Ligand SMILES: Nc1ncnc2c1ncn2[C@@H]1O[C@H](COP(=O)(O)OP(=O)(O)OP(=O)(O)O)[C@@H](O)[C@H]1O
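Okay, here we've got a single chain as structure tokens, the form predicted on its own, with questions on binding and movement later.
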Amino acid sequence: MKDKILEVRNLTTRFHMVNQEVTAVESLSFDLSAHEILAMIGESGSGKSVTNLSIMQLIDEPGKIDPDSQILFKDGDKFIDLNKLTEKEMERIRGDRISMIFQEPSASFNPLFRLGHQVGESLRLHGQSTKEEAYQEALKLLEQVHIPNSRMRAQDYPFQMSGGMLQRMMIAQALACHPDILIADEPTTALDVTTQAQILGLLKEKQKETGMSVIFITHDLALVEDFCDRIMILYAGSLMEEGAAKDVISSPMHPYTQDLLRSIPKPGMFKAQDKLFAIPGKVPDPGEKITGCPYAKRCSRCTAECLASKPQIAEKDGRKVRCFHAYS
């Protein structure tokens, strides 16, 4: 078994609003191994981004990570709890040991500065290079992420880049300090299918070259079958299913995972006059208090037991599933 590089234990993140308390992530536990690509999948509102912003300690008020939550990151021969670090201590890890590609690259770059200098900024912030050395390293990074005419494009401002090229710039920026963990938050959203494939290929290429671990966040199961080693399915801030990617795709155990797979368009389905399956209902309101299974009201296998109490996670043969009927 590969060495673990990250252990998350009972992560709970809440947002204290004026009239209510919203629990975005509830008692979530998972591990990330060295050199592993872990996919975190679920609909919008399932807690994927909040989970990873919690790992990065980027939850702002009115959000708060429960003090009993543990985010254990391997630092040399020991694990340190990121949830116990001061902001100053976290700044030494964020962007250096753990990097993140955010959902909207156009909103992640400063529109007033040239991209080449922004890509090399983390090298300067972490004291690894002078301003000129950082810029030269940035040029190398742009070549590595296959940006044509990299020396010229480094002089561009963000608005001069297409969505795909700007996403490559973000990947270059995230890889600048050779992180141990790269968090990619829906890096292919709003890109065309060809560009999506290029970005996934680039991430896979850099992961193999550097040996880093990757947490890949997406709502699209169709993207990850050949890309990730393991899959986590989240719903309403809770873990629904977890297992090796090939196992989850070929034999999904949770009804939510099964429904997500059924809703993926398949070649030729419309010629056969099949209707594209749509999951009934909607994701629960974040402030809604749920006593039973979070997915119960949308599930075709729902029973009185599902509505009355929340199932615990059952483990078998390396798989995890939160469902009363998974092994029935």
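We number the residues from 1 along the sequence you see. It should be emphasised that the depicted structure is a prediction, and the values quoted were computed from it without experimental measurement.
Quick note: we don't show the form predicted in complex with the named molecule, though the next part is all about it.
Student: Is there a non-hydrogen atom of S49 within 4.5 angstroms of a non-hydrogen atom of the named molecule in the predicted bound form?
Tutor: Because a heavy atom of S49 falls inside 4.5 Å of the named molecule in the predicted bound form, the answer is yes.
Student: Is there a heavy atom of M17 lying 4.5 Å or less from a heavy atom of the named molecule in the predicted bound form?
Tutor: So M17 counts as contacting the named molecule.
Student: Tell me, yes or no, whether D247 is in contact with the named molecule in the predicted bound form, where a contact means a heavy atom of each within 4.5 Å.
Tutor: No, D247 sits far enough from the named molecule in the predicted bound form that none of its heavy atoms falls within 4.5 Å.
Student: Please check if T291 has a heavy atom lying within 4.5 Å of any heavy atom of the named molecule in the predicted bound form.
Tutor: Result no; T291 lies far from the named molecule in the predicted bound form.
Student: Tell me, out of D229, E186, D156, D180, which residue has a non-hydrogen atom within 4.5 angstroms of the named molecule in the predicted bound form.
Tutor: If I apply the 4.5 Å criterion carefully, the residue I get is E186.
Student: Please identify the residue among T210, N110, Q103, S251 with any heavy atom within 4.5 Å of the named molecule in the predicted bound form.
Tutor: Selected residue: Q103.
Student: Using a 4.5 Å cut-off on heavy atoms, what residues in 307 to 321 are near the named molecule in the predicted bound form?
Tutor: Read in sequence order, no residue approaches the named molecule (within 4.5 Å, in the predicted bound form).
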